[in-house]
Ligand code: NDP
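First, one chain by itself in structure tokens, the form predicted on its own.
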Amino acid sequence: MTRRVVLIGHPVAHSFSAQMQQAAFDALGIDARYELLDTPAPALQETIEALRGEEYLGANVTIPHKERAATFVDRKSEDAAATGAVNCITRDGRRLVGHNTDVDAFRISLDTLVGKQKMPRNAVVLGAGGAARAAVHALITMGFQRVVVFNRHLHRAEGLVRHFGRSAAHMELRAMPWHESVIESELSRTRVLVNATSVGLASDESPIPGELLPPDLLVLDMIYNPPETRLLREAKAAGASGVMNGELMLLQQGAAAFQLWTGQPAPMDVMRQKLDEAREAGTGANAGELA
């Protein structure tokens, strides 16, 4: 029986995950098919329930469903429970297990971006959805001392801060209103800027004006397509000490998901090559947030 793995999100039509994961299955001779499943919010619970069938190995979950998906699984991994967001689902018999492979993928990406420099201790995060939750949890557990979250709707950022209240008790985690003067002030006192919004995904826009960006920032944009967003271009122009898109995160979270579904180490070289080919072909437009 050919097993199925699906990407659940809205939209999903041009995600890079399909090419990357199918290449991995084929390389290891695993009889599985990776499918894109565009799922509007009203159909999410029914779609996740269907994963209990024996034909499924599991699923990826992407925007905008990572937080709601966490409410429909039977149990959650440590990172999924800590973030309240699920980006990967596996089956344990008829039970569904939710995982969050974004967290470790973010840690690896930030370590790579920082390189041999000393790891900073202050960060600004733009966004308050599932991707932002993975980033904030990683920053907390990496020993950051001050993290400020901005979101267009302040109540969502405040909800994120409340969610992490206990685990962030040792440090300063704050939600602040989305005002340019406030963002500029916070950026002047930080080293790391994380874009966990979808702004820049479907158009050449940046979540914040380039003139707010100070020099020497380390900027991690979770969007992987386009490979250089306007935010990253303007950060480089402002003198950023390092910039990175979300492609390494995509690769790392996808490799971790592959191992969870199959019990086998992911063929990283094959997955990386397929990502390179997809990027060069220009596919995946409008679907460049993780998964």
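Note that residue numbering follows the sequence shown and begins at 1. Given the structure is predicted, the values throughout are model-derived calculations rather than measurements.
One more form of this protein should be noted, the form predicted together with the named molecule, which is absent from this view; the next part is about it.
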query	finding
Distance check, H153 to the named molecule in the predicted complex, heavy atom within 4.5 Å	yes
T141, heavy atom within 4.5 angstroms of the named molecule in the predicted complex	no
Distance check, G98 to the named molecule in the predicted complex, heavy atom within 4.5 Å	no
Partner proximity in the predicted complex: T197 to the named molecule, non-hydrogen atom cutoff 4.5 Å	yes
Residues V5, A18 and A59 all lining the named molecule in the predicted complex, heavy atom within 4.5 Å	no
Interface stretch in the predicted complex with the named molecule - options 89 to 97, 197 to 205, 210 to 218, 113 to 121, non-hydrogen atom within 4.5 Å	197 to 205
Partner contacts in the predicted complex for 111 to 148 (non-hydrogen atom within 4.5 angstroms of the named molecule)	G127, A128, G129, G130, A131, A132
